[in-house]
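Just one chain is shown here, as structure tokens, and it is the form predicted on its own.
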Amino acid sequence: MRIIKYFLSLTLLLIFLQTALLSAEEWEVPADKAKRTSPYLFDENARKKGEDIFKRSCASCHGIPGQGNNIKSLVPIPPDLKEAKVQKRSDGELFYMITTGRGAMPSFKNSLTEQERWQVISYIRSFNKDYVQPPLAKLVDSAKLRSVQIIPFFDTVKFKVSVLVKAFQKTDTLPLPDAEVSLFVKRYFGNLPIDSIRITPSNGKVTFNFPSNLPGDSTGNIQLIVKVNHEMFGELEKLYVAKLGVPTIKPPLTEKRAMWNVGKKAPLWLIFSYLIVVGAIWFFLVRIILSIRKIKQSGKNPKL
């Protein structure tokens, strides 16, 4: 009886795990997002740019579409993007997935522009011979984008960063609701995201919690990047400087010995290795020259 109970429990557990994994593979895309279409034409130029981005950002997990070299060790397994279950998705659904990410799949909202994400979809669609691009969405009016104002407020005591977003609407410049606002700290190698993405309410103002221990320059200044994205106004990025960091004396990148530095500031082990290799080459060259000379001399004065 105990064995039967154990078997039933194990069976139920397996069914639960299988159901969880299957449900994890299903994406729930909001209806309004699924209906989105690209404002850019999926031509050969877009496909080539999308291919470059895909190979750089997506192929490590998904593999090249149609080649079956996607990673099988992840759960859920990243699909081969030529498969019918992927191609039957709408362009809006694919755009939503690339933008938001989920689980092991990262969000590309902050690493790829909106146009680059559509170019990736253009490349993916090139593997579907039956695909016909839907009518293009209306391109964002550049004049509208120029009307967007980003007004930051820095609280250096409570370490808060507030951002007010305004834009010209109908007859006046008013707070812009439903805009996605992201905050980053500019770094040498990529930008550091701060807090989570905020959606502006009716007053157009959002607030980010800023870390109190981030190193700044010698006076504590930090370069901040504010990104704003709105479906009607497009994407906008602005750079600001705020005294929100810990004052830090940073030696220049060329001060210490490093691989990327000039010759005289190269690592000692690299210099020694170079000298040893060059010395060994010259040693063997001299040996070869002396051996050739010795052979010639022995030919002129043969010993009887």
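When you see a residue number, it is the position in the sequence shown, counting from 1. Just so it is clear, the model here is predicted, and its values are computed rather than measured.
We do not show the form predicted together with a small molecule, though everything after this point is about it.
- Comment: 71 to 79 is the region of 71 to 79, 201 to 209, 127 to 135, 147 to 155 lying near the small molecule in the predicted bound form, near meaning a non-hydrogen atom within 4.5 Å.
- Though the small molecule is absent from this view, in the predicted bound form it lies within 4.5 Å of a heavy atom of just one residue from 179, 163, 183, 120, which is 120.
- A heavy atom within 4.5 Å of the small molecule in the predicted bound form is found for one listed residue only; from 167, 226, 105, 214, this is 105.
- Contact annotation for the candidate site: 174, 197 and 233 all lie away from the small molecule in the predicted bound form (no heavy atom within 4.5 Å).
- Among residues of the shown chain, residue 27 is one whose heavy atoms approach the small molecule to within 4.5 Å in the predicted bound form.
- Although the partner is absent from this view, residue 97 contacts the small molecule in the predicted bound form, with a non-hydrogen atom inside 4.5 angstroms.
- Contact annotation: residue 273 falls outside 4.5 Å of the small molecule in the predicted bound form, judged by heavy atom distances.
- Taking the partner from the other structure, the small molecule in the predicted bound form has a heavy atom within 4.5 Å of a heavy atom of residue 58.
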